[in-house]
Every structure is written in structure tokens, then in C-alpha cells.
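Have a look below at one chain only, the form predicted on its own, in C-alpha cells format.
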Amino acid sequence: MEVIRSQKRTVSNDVVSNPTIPLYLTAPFMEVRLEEFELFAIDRLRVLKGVSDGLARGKNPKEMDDLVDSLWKEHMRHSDVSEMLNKDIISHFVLRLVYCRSDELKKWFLSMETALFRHRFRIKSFQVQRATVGDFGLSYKPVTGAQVESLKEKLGQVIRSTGEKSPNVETVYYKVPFEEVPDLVAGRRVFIQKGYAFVAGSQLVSMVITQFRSHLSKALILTNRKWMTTIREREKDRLTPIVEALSTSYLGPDYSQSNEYADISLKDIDQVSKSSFPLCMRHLFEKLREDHHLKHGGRMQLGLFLKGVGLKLDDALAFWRAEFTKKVGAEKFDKEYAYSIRHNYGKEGKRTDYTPYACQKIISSAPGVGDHHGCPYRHFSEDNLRAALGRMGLSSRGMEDVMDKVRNKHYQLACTLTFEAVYGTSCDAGINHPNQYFEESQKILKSKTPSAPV
């Protein structure tokens, strides 16, 4: 795969003629336009993050099938079959580069790509599934007729033990080494005889997933080696910045402009901080009021959030000055702190209009001693987090649900569950940005407030 400047891409004949799910065994021989390199990867990342959220929410296999089908149609569908297949393959190999760079990244990508493949495979027809098995080069041939008939009672017992409503023995089975279908063996959902498992045609996915995951795991190790020794330095001025940014990319609105639900003034800020700030910003706000000071990381995280919820520059200067002058004095504030506030609003330096931090950036930060920024769900101790959630009004049951997600490192989902518990409504999109939390909160609160009479 070669990345080129904008021009017509060369389409691989293998891709056009392949009706099955790509197995990504080798990088394709095709040219990729530079802009597609990033855009295709972002679209696939939206799918993988949707899969991650669905799994974290505990969706059952049928719900995950439907979710994957919906996500794929929304982000990866194309009217031209060959273009859709190309996008599928290009985006996968780009994200391999992105996620091969650390053990944590590799683990996430391996899990999500395997889950995505599993559910894409499950919703395909049996004919396509069998063709995919063939594409993998698996030598398993279906066992039918007399051998299945001779094992009918044993196979039926397995089916009945799984609680199937229609415990009928299927007509097509595959005889495979039992170690190649560990999930079926662990769940006692397969009959084993002399070291071989008899896998029903409806369970083909278990045969393929083991191979898919093993291949991808090895490929990520090799990709990392190539990235570290060759690609990163060779592409340092072109692809490397894109690759290194994609793993922490925020894919939603940037909240650089306030709207009807994000327009606060100084007189409202204390009340609104209690009613609509997410835990990360509420903690920073309370610490600022308590200590009359925040270190740089806290000032940036809270300051840009306040900008995003509509606090104008003059009000922002007045707000920070009122707190900091209680500790450092007016002269020091004007000399050392006012410039950075104006800078965040695009009035100093490069005149860049800085945007509020998204959850991913906040979660990946590394607060030190005396810092208060970062994500409470990741950076607080369990006792401190429980206390903070209690102050937000969570019930014991709601708190345990949140803590369960925290223990499994689903920090954004923990914040989403907090939102749902506080406001008594579902948030299917999930919380991905503190300013999103604020806006969704304001929509709910304003919808419950009666309009003033005209």
C-alpha cells in the first residue's frame, strides 16, 4: 500500500472480485490518496469506538450484530462495492500503524477488530461464511451423512444442554482440533471425540475468530517493528504526525462556539457548576474556589471548558482574577496569568482559537502532585471517587454500576452512567466531551423549566 498525493487511486482486482469479508492477511497493492489515509481511518475508528461502547454496555450478541450492521452502514458504506471494499482494507491497515505503537493500543485494537469481525461474520449468509473459511485456507471439510447420523444423540445432548429452543441436530458439521475453538469448548457448546470438536455450521464464527485473532496479533508485532525501524523516521514530515494523532482523536464537535445551551455569565456560574458541570470540571471549579489557585493543567482544562460553555473573555478575566488575587495579588495575576487567558481566546500569540479538551485528551493526561486536572474516573482513588459521586447524588446501585465500569477502565462509560443517574434519562450516544455533558444537561433542565408567560 503506497500513500500518494491526490490523484485517482489504482483499484486492486483482488478487492473488486472478493465477495467475502476481507481477512487482511497481506497489505494490498494499491495507491492511496493522502486525504483518504486519514479520513478512512477516522470512519473506521468511529465504528470501533461504537463497538467498544456496545460491549462495555453489556449488549448481547444479537444486539451487537445489529449495532455493528448499523455502524458499518453509517460510516463505511459506499454505493460502489469496489470502493467500499477498498475503504475497508485501507482503513484497517492504517489503524494497524496507529495501534501497533504500544501494548495498550495493541490490546484495544486487537479486541475491537476481533469483535468487529465476529459480528460482521455472524450477519453474513452461510454461503459467504463458508467462502470466508475457504479464504483463510482452513482445510476443514464438512462432515455429513452417516457420521453425523451416528453421533446424532450425542450432538443433540450438546444442543439441549445449551438451552436451545429448537434442539435439532444440524445437517452440516466441521471436524476440527478442539484447541482451535476454545470458546466453544469453554462454554460446553460442542461435542468432542478423540481430540476433535464437531462444530455446527451455525458456529463457523468460532473456527474463524481464533485464526483471525492469532494472525492479527502477530501482524501487529511485525507492524510495530517496521514502524519503529523504518516508517516513523522516513515519514516524519508526512504520515507520522497523522498516525500519532489518530489514537487520541476526538471525533465529535469541537465546542469552539457556544450555542443556546452554552451561554453562561458570571452571576450564573456557581449555580450552573452544581447543576450541569461534569465531575472533572466540577472538581476543578470547587478546588479553585477552595484554594484560589490551579496549576497550569487545571487552568487549561477548566478555562477552555468555560470558554466552550459561553463564558466571554471579559467575564473569564474577571472570574480568574477574583479567585487568584485572593492568593497571589492583582499585580502578579496581570503579569503572569492574564496573558494565557487571552491567549486561549485567540487574542495573543498566534491568535489561535483554542478548543476545549475532549474526554480522550483528559483521560490520557498525567496529573502530578498538587494537580487537580485529569479524569476523576481514572485518576481518583476509589474512596475519593465514591465520595465525589455521592455528592452528585448517586444512589448505592448507581454508584456500583459506575465503579464496575471504572474497574474495567471504561472511563467514558462511567461518566455516561453518572449522567444517566443524575438526570434520570438515557444517553445512548455516550459522553465523549465535557462540553457535551454540559449541553445535554442544560437541554434536560431547560425542558423541565416552564416558559415565562408572554
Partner chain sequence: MTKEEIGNRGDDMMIETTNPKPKIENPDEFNVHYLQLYYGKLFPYIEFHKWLSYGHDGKHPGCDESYFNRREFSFTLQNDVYTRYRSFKNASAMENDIKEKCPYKIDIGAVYSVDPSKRKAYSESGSNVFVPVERELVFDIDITDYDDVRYCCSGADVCSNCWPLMTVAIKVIDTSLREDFGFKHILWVFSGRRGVHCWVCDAKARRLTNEQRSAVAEYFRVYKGNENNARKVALMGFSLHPFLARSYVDYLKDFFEGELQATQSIFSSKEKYEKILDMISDEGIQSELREKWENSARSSLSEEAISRTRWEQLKNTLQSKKQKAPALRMCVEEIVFTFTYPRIDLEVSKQMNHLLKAPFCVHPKTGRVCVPIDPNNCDEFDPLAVPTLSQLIEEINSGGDRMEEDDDDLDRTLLGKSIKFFRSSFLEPLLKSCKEEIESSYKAKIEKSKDSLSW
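Worth saying up front: this structure is predicted, and the values here are computed from it rather than measured. Positions refer to the first chain, counted from 1.
One more form of this protein should be noted, the form predicted in complex with the partner chain, which is absent from this view; the next part is about it.
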Original post:
in the predicted bound form, does each residue in the set Arg188, Lys295 and Glu336 place a non-hydrogen atom within 4.5 angstroms of the partner chain?
Top reply: yes
Original post:
Using heavy atoms and a 4.5 Å limit, would one call Lys154 a contact residue for the partner chain in the predicted bound form?
Top reply: yes
Subject >> Contact test in the predicted bound form: Gly368 vs the partner chain, heavy atoms, 4.5 Å >> reply: yes
Subject >> 4.5 Å heavy atom contact, His283 and the partner chain in the predicted bound form >> reply: yes
Subject >> is_contact(Asp268, the partner chain) in the predicted bound form, heavy atom dist at most 4.5 Å >> reply: no
Subject >> Interface segment, criterion being heavy atoms within 4.5 Å of the partner chain in the predicted bound form, picked from 327 to 335, 90 to 98, 271 to 279, 76 to 84 >> reply: 327 to 335
Original post:
Of Tyr354, Phe380, Phe136, Trp108, which one comes within 4.5 Å of the partner chain in the predicted bound form, counting heavy atoms only?
Top reply: Phe380
Original post:
the partner chain isn't shown here, but in the predicted bound form which of Lys124, Arg213, Lys312, His343 has a heavy atom within 4.5 Å of it?
Top reply: Arg213
Original post:
Compared with this form, is the Lys409-Cys100 Cα separation smaller or larger in the predicted bound form, the difference being 3 Å or more?
Top reply: farther
Subject >> Sense of CA distance change between His119 and Lys409 in the predicted bound form, threshold 3 Å >> reply: closer
